[in-house]
Each structure stands twice: as structure tokens, then as C-alpha cells.
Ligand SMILES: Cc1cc2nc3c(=O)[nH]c(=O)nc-3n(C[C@H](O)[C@H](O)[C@H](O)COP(=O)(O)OP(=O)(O)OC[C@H]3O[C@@H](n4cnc5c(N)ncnc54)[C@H](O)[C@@H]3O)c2cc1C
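In the form predicted on its own, a lone chain appears below as C-alpha cells.
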């Protein structure tokens, strides 16, 4: 038996819920989110919560800027705290190539009014006491970047969306997109139930490609294995320490409010597929990278680790917008590790696309699915 709704969003992660909230906030209450598991169970649950404006592509910088405002006023709008701490992001370069592109990216960021600073190695060490700087050429720092709690943000959005009338259905796996005459008519679920819809948004994250194929559309999104570890607190590393990214090893370190130390990175692109098992064999390489830059971490005891999947695209930029040749089908996926930090902006922009026919806040034409047909891709460099 078919049920009718106006808009179906496939995927109950941070992006899907942000789209639902922004649609409802603009008065579009006949929205249904279909999540195959539980909301936030996928990539959002494994996110480390970083929020930064330091990217190499203008579109990512603008998405971060537009998302920063909602994070800053999250408690006022959602009625709960996002635990957003603007401790800043510190990027460290020790090779001529890395320092060159980091300076080039910083110049672009500054033109776009991002308060990023170029630092000497000594200035970087004043921000992070104990930093080993003998091989550093320079660093960039943006103090308005920071860290928030993905769990709190997701459930804040879900709560507000529900209060505005959005239906969020968990345990409802979509197995088919119903099309007729080149336009979407609804979706079919695993239990055989159909939901009629004039518009369908593919916000299925790592499953975006298989959802696209249900409508005969190729969405170039591939799951990549990523993992992080938690170390016990060290007196040498305060919770006010910036998120610190070492370009030499591709590793990052940040300190949670309770003092626990999050260690990650250094495994970019190593494993692809849907296997989410933690690989302890990668830990020695990670430890080598982080202790090279912060020798105090040699004393840190690893408590636990976790693994998850990132939805990567060939140019490591998101895919956002209408799907060509299939009227009523939209995609918002492939965020390449930046879905959490960009979700507020994406929700607003997709709502504009659906309700106004265009995204007026930011020009997102560079995120169109069409770009993969031309093959003229300019990758985002700041992915870790």
C-alpha cells in the first residue's frame, strides 16, 4: 500500500537531517526521512567533530563559513548545546611543496575573509608547547575553527525537525526509486511498502552510489576506511590545544574536554570498501607520525580505537544538486570526510534548490554531478 508525502530524504545522517530541518523551518512540513538503521549510526557516529575553514578550494571554504554561524548559535536555535569549542586548527608544513600549497591556500582563505594567520615554527610552538619544530618551515592557524559534538548536533537537528513536523523513520531500507516518464514518483522499501513522493533526496552517504543506481544514475561515491584512537590525558596537552595537523605524516591530534587525546589520520586512501573493522596494524605508523611532532605523546597510553567509513569522490568534493535527466531526484553526498562540518550549509542550500529552484546563498555549481562527465576535476588538497 502506498503512502503519500511531498519529499523523501534517503539517509538519516547529519546531512539528511539538516536538509529535513531546513525544509521544515521554511514551512515545508510534509517531509519524510528514511534511515536504513538508526539515525546517526553511520559516518556521523564515527566523526571526530572537526570544523574548519582552512581548505584549498573556494567552495569548501564558503561552505565552512556558512556553516560556522549555525554552530556558533546552535544552542539558541536548537535548545541544546553542540559543545562547540573554537580552539582553532593548526596546520604544520615541513616540506617545500607542503609549505607552498599551504601558503597559497591561506592567501585564498584570507581573500575570502577567513581570519587565518601564517606562523613561524616558533609561533606554532607557542600555541602548542612541546611541539618539535626543528624541521618545520611554517604553519597556518585559524582561531575560529574548532570542534563540536557530532552526537549532540545530530540529535538537536532531529529533535527540531520532528517538532516542525518531519517524520523520521528508522529501520526503513530503501530498495527502489520509482520513476515514470523521466521523473521521480516515490520510493519502495525492503518490506515492499511504497512511499509516493514528488521529490527524493539521495543523502545516503556511503550508500549513495547504490541508491543512485536504483534510478539508473551513477553517483561516483566510494567508501574509504578511516580510523582513530583515544589516548589517556597528559598534563602536557591541555583541552585548549588547537586541532593540530602535521602535513608530513597526514596525522592529527586534538584534546577532548575531558582531556582524552584523539589521534588519527595517516591512513588516507589505504583501504576501500565497506569493512569497518579496526586495523590495529596501522597504529605503529600513526604513533610514529604523532610522536615525531609531539614527543610527549610517547608517554600516552592508548585506551581504545574505532573505525568508520568516509564517502569519497574522485576529486574529494561533495556532489550536491539535481540529478540530470531525472526530474525530482536530488543528491547530497560524497562529502569526503567533511559532511559534519558542512551539514548546516548543505541543509540550507538544498532547501533553497528545492523550494526556490536555485541555491542563492552560495554558488554550488562546482558541486554538480555533471562535472564528472567533463573530467575536468580540481581536487581538494586539504583532506586528511
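Remember, predicted model here, so these are calculated numbers, not experimental data. Residue numbers count along the first chain shown, from 1.
Below: the form predicted in complex with this ligand, not depicted.
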Assert contact_stretch over 352-360, 41-49, 315-323, 24-32 against this ligand in the predicted complex, heavy atom within 4.5 Å, equals 41-49
According to a 4.5 angstroms non-hydrogen atom cut-off, is residue 341 in contact with this ligand in the predicted complex?
yes
_Check residue 70 for me: does it contact this ligand in the predicted complex (non-hydrogen atoms, 4.5 angstroms)?_
no
* Please check if residue 198 has a heavy atom lying within 4.5 Å of any heavy atom of this ligand in the predicted complex. => no
- Task: Considering only heavy atoms, tell me if residue 328 and this ligand come within 4.5 Å of each other in the predicted complex.
- Result: no
This ligand in the predicted complex has a heavy atom of only one listed residue within 4.5 Å, and of 309, 300, 177, 237 that residue is 309
This ligand in the predicted complex has a heavy atom of only one listed residue within 4.5 Å, and of 153, 211, 92, 116 that residue is 211
Has each of 10, 173 and 205 got a heavy atom lying within 4.5 angstroms of this ligand in the predicted complex?
yes
Of the residues spanning 141-166, the ones with some heavy atom within 4.5 Å of this ligand in the predicted complex are none
